[in-house]
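Okay, here we've got a single chain as structure tokens, the form predicted on its own, with questions on binding and movement later.
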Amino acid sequence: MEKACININELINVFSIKQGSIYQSDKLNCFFVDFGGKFARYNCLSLRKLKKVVEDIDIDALLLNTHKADFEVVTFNGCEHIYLLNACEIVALKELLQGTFTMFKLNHLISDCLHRLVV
């Protein structure tokens, strides 16, 4: 998906690092991952699956295996997006996804606290 097709003013930046960002679209009820030169659309379940796949990659084994290149194909069943990432990019994507889900939890905690104060 091209960035030009999306009105950037309608997107909420959930979390960003130097290598990429994750945006939320309330209008389209989805998330956009801007990483590795790709701007990809995910629903909530797919974003969770992407996080699980990335977290399951063993970086140490990837770097220590001398019989294999230090690249990993990142995808999962039902996903139309494929990433070919080196070890540093995998670490960055892992950081981006962990930060995003931390922001989701933080937002939920703040909302819960505010709701308790009102009630």
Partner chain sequence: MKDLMRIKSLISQDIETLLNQQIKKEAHSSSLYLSMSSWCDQNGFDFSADYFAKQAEEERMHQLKLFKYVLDMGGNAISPEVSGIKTDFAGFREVFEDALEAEIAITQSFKNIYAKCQNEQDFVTMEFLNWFLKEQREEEYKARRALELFEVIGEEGTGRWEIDKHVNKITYSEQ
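Keep in mind that what you see is a predicted model, and the values were worked out from it rather than measured. Positions refer to the first chain, counted from 1. Basically, rigid core = biggest C-alpha set you can superpose within 1.5 Å across the two forms.
Separately, the form predicted together with the partner chain exists; it is not shown, and the next lines address it.
Asker: For the spot marked by Ser16, Lys38 and Tyr83, is every residue within 4.5 Å of the partner chain in the predicted complex through some heavy atom?
Answerer: Result no, not one residue of the spot touches the partner chain.
Asker: Based on heavy atom distances of at most 4.5 Å to the partner chain in the predicted complex, which listed stretch, 58 to 66, 72 to 80, 29 to 37, 86 to 94, is the contact stretch?
Answerer: Comparing against the partner chain in the predicted complex, the contact stretch is 29 to 37.
Asker: So in the predicted complex, does Asn107 come within 4.5 Å of the partner chain, heavy atom to heavy atom?
Answerer: Asn107: contacts the partner chain in the predicted complex.
Asker: Counting only non-hydrogen atoms and a 4.5 angstroms cut-off, does Ser111 reach the partner chain in the predicted complex?
Answerer: Although the partner chain is absent here, Ser111 would touch it in the predicted complex, with heavy atoms inside 4.5 Å.
Asker: How about Ile110 - superposed on the rigid core, does its CA move between this form and the one not shown by 2 Å or more?
Answerer: Yes, shifts by 2 Å or more.
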